[in-house]
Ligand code: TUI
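One chain comes next, on its own, written out as structure tokens in the form predicted on its own.
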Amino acid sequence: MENRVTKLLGIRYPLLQGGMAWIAESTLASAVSNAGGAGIIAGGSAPIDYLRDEIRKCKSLTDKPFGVNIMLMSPNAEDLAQLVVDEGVSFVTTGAGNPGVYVPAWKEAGIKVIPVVPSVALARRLVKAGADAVIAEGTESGGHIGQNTTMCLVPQIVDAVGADVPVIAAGGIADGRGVAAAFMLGADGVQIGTRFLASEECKIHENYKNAVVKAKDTDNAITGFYSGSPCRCIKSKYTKKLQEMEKNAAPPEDFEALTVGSLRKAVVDGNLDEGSLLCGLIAGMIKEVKPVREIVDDIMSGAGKLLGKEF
């Protein structure tokens, strides 16, 4: 199948891998690209030298297109914006801000710009700023979330900007049924993060992977609700303590002491009590760890059967 997303990025399947901080690195990104999707390396606030190495490692592992995710509020955003130009990355996804200041340089370098948006207003603004596509991300996703559900958000953004740029649906998509639903809502593609946590190529700690596989539909929690920065994780002692602190209006320094380094504790150390196990609501659908290629093929073949299309 060819559509606006596959043509835009030069990929087989209209499927992007989520740019998950501390998780989305060269091994996972290259595996997704080699499987026919579009892998993404997470920029986060990692050192530029490390990110340069990850981009070059990815190039050595795949000759297919891959991208980099830039969180615009990160202290290294400006340096990373230049790095993707220097390294000739195929596309950039952005979050937590407006990438408008960087768009001219990216466009000149031939880099496609695909912001993540939680609202119609932001989608319209970023399309005017030069976005080549937008990712409409619903609250079902893991990590930092907006308020609108994928089912509600995607068709509204499609109606607002879909005639000008393709819309990619994200949040709560883990199999062919989710992809088919996204297409029925008007999306031209999907972005999937949580399902790839339980992949052989994902380098997170085994404790983290096992927690994703074992999670039930009710094993999720939102922290940061009262601070205005909600974040979805697997329910744990960490989320319970953080929620209690929020309800009791604990001082900012107490929050910082608990949250700084919490994602690293989950990803690297496998600390289930003190780590932030970022994960979307669809974890209850994930039953086993599989190779990335098998995951991608299963998802897209399942979607094709439902949509009556050949992916």
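No experiment lies behind these values; they were computed from the predicted model shown. Note that residue numbering follows the sequence shown and begins at 1.
The following text describes the form predicted in complex with the ligand, which does not appear among the structures shown.
When you look in the predicted complex, the only residue of 283, 278, 242, 51 with a non-hydrogen atom within 4.5 Å of the ligand is 278. Proximity to the ligand in the predicted complex, taken as a non-hydrogen atom within 4.5 angstroms, holds for one residue of 95, 155, 162, 176, which is 95. Note that among 196-204, 181-189, 139-147, 234-242, the stretch whose heavy atoms approach the ligand to within 4.5 Å in the predicted complex is 139-147.
Taken together, the three residues 21, 71 and 229 all lie with some non-hydrogen atom within 4.5 angstroms of the ligand in the predicted complex. The closest heavy atom approach of residue 134 to the ligand in the predicted complex falls outside 4.5 Å. In the predicted complex, the ligand sits within 4.5 Å of a heavy atom of residue 122.
When contacts are judged by a 4.5 Å heavy atom cut-off, residue 116 counts as touching the ligand in the predicted complex.
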